[in-house]
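Quick heads-up: it's one chain on its own, the form predicted alone, in C-alpha cells.
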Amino acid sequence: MTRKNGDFVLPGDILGVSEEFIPGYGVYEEKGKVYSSITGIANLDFERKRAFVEPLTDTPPIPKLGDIVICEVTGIKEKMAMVEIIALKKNPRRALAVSPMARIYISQTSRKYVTDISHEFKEGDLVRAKVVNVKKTPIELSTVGENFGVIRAYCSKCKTPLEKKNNKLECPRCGNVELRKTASDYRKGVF
C-alpha cells in the first residue's frame, strides 16, 4: 500500500515506486520501491519527485566531516593516538550511532612538525578535536589549530590534574612538568 503526503509511517512502509520519487532523508529504494527507513511523517513532493520522512524520534548522532568532538586518549602508538569519542558538540548528551573509536595521526596533531606523538598526548587526556575523515574506520580526527588539543590532562606520576604554566603543564602536587598539545582554553571549557 502506498502512502499519502502527511501519513504516519514506520520503517519498511512503502511510500511509492522509484519512478515517482528520489529517496531523501529517512527513505531508501530497493527493487524499484521506495520505503521509509525511520518512524515519522511522510513528506512526498510530487513536483520535485522527492520523498523523505520527518523523524518523530530523536536519532543517535553520527559524526560528520567538520564536527567538533570531545574524546579521551585510550592509547598511543608510534604515529597516532587512539581515542574514544565521549561527546559530539552538536548533541553532547546522546551516545553515538557508530563506534566511538577514532584516531589522531601524528600529521594531524599540530601545525608544527611533530616527531614524537607521546609528547603531544598521554593516555587519559581529554581532547577537543575536529572530524577530518569519516570514510575510514576508525574515523580520523585533527587537533590542528589553537582551539583544538588537550583540554584536561593528568600527571603521569600521581594522576593529579595538571595546570598550565608558560606553555608547559605542571603538577601542583608533585611538581612534575610535562608537554602536551593543549587547546587555547585548557581547563576553562569543554566545547
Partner chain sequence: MELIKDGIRIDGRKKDELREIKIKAGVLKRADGSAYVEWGMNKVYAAVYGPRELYPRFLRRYDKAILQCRYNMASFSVEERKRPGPDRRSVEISKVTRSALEPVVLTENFPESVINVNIEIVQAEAGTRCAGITAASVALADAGIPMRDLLPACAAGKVGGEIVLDLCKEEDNFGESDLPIAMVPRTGGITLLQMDGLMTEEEIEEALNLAKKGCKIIYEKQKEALKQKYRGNNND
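Treat the numbers as computed from the prediction; the structure is a model and nothing was measured. Numbering follows the first chain given and starts at 1.
Separately, the form predicted together with its partner chain exists; it is not shown, and the next lines address it.
Put simply, of Ile38, Ile68, Val134, Val144 only one has a heavy atom within 4.5 Å of its partner chain in the model of the complex, and it is Ile38. You can rule out all but one of 125-133, 145-153, 159-167, 56-64: in the model of the complex, only 56-64 has residues with a heavy atom within 4.5 Å of its partner chain. Using a 4.5 angstroms threshold between heavy atoms, Gly175 stays clear of its partner chain in the model of the complex. Although the partner is absent here, Ser99 sits close enough that one of its heavy atoms falls within 4.5 Å of its partner chain in the model of the complex. Shown alone here, Ala95 lies within 4.5 Å of its partner chain in the model of the complex, counting heavy atoms only. In the model of the complex, Asp185 stays away from its partner chain, with no heavy atom inside 4.5 Å. Although its partner chain is not shown here, in the model of the complex the stretch 5-43 places heavy atoms of Gly6, Asp7, Phe8, Leu10, Pro11, Gly12, Tyr28, Glu30, Tyr35, Ser36, Ser37, Ile38, Thr39, Ile41 within 4.5 Å of it, in sequence order. Note on Lys90 and Phe8: their C-alpha atoms are nearer in the model of the complex, a change of at least 3 Å from this conformation.
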